[in-house]
Each structure stands twice: as C-alpha cells, then as structure tokens.
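Quick heads-up: it's one chain on its own, the form predicted on its own, in structure tokens.
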C-alpha cells in the first residue's frame, strides 16, 4: 500500500534548511518505495530534517506521535514541511506515527497525561506506562503495541534506542506491518536496521539524493571493513 508516492519541493529559501544537501536535491520529485524507504548519510546531510518535514507534511506531530497528538515543548522544527508537497496514493493510512528516539520521553509523558486515571494504563501502548520501561523497551512497545495495519510510519534513527538484538526485532516487526499494507520511511545509520530486503535506500550527500544498493551503503561497507580488521582500524585511528 502506497500512502505517499513522492515528495516535491514547491518553495525554497536561503540558509537552513534549504542549503542542506538532502533538501537541495529536491529540485524535482523524490519517489518513495511503497514498502520501506531508507535515508542514509553523514550527520548534517539533512536526512533527519527531510524525514521530519515528511512527517509534519503528512499531519504528524513534529516532536513525535501521530496526527492525533498535539503537544510541544519547543518549536524547533524547520520550515521545510511548508515547502514540500506530498504526492499521495489513492487511499489514506488508517493510522500513522512519527517515532524519534530523541523525543520519546516527551511522547511518553503526553501518553501518560492523556490516559491519566484510566485503569490499566494506555492500552494502545501495552497497558503499561512507557516511563516504567527502559528507553529501548518503550520504543519497541510503541512499534509493537501502537503500530497497526495500513499505517504510515516515519522513524528517525531508531537504533539510538535499541540494542543489537532489538534492531533485529524491529526488522521483524517492520516485515509484519509491511505484510499488513503499511509503509515506512526511516532515517538510519545502522546496517541492521537498513537490512530490510524489499526497500529503497537513498544516500544524502553533497551531490543530492542517490539510490544505492545495500552492499554499497556506507553503514554496511564501513562496518564490514572494521569487523574484518578491527586492529588495523584502531591502529590508524590512534596513531599520532
């Protein structure tokens, strides 16, 4: 199920965020994969800014949460969401969620307040306060308990909250939800999170947004090279 087919830049400007490589690349139409689209690139390349803009343009809360959530601790998101247009599919998602590890605490607080006094806690999140779980546990609780069929899900660097094992658990859950006609857009540095086979990988670099194969993606090539010869890498890093 394709809820967002493409992203188009319809307005511009100077300075941040318009000078970020990922944003400069939007001089035409950015096609999204019907199942999973990955954005990769160095810090500062603009992948998270672009991801945030897609989520906000789709109606989701800038600090995380769904289109039904409205809370803010600081108005820090960029103007990019007002400069892009989403080319949507014929059907709207039944549900949605913007999940970013850095603001999960704020989402958890909002959920607790929204369900205050309700017996059993927020049922949509497993019936247990997200604040009563570890960062990784609460992140997975959202993905497993809150995410559902025919959803549009935007994830910003989920590996920041997850152990290696739980990155694999996330992959399994992504596969389950794709089978239930959901669509994902994910920014990541993790070769594990990046490994979903039926996906598009877009590298954000100085030359714009470039499709790459999994085996050619830098998180994969650099990790493989390090694991093949960690002593050599460490010597090079620590030499004067």
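The model shown is predicted, which means the values in this text are computed figures rather than measured ones. Numbering follows the first chain given and starts at 1.
Only in words, not in the display: the form predicted together with a small molecule, which the text now covers.
Engineer: Answer with yes or no whether residue 61 is in contact with the small molecule in the model of the complex, where contact means some heavy atom within 4.5 Å.
Structural biologist: No, no contact at 4.5 Å.
Engineer: Can any non-hydrogen atom of residue 48 be found within 4.5 angstroms of the small molecule in the model of the complex?
Structural biologist: Flag for residue 48 set to yes.
Engineer: Taking the small molecule as it sits in the model of the complex, is residue 16 near enough to touch it, meaning that at least one heavy atom pair lies within 4.5 angstroms?
Structural biologist: It does: once the small molecule is placed as it appears in the model of the complex, residue 16 has a heavy atom within 4.5 Å of it.
Engineer: Does at least one non-hydrogen atom of residue 197 fall within 4.5 angstroms of the small molecule in the model of the complex?
Structural biologist: Result no; residue 197 lies far from the small molecule in the model of the complex.
Engineer: Could you tell me which one of 31, 42, 176, 210 places a heavy atom within 4.5 Å of the small molecule in the model of the complex?
Structural biologist: Partner contact (heavy atom, 4.5 Å) among the options: 42.
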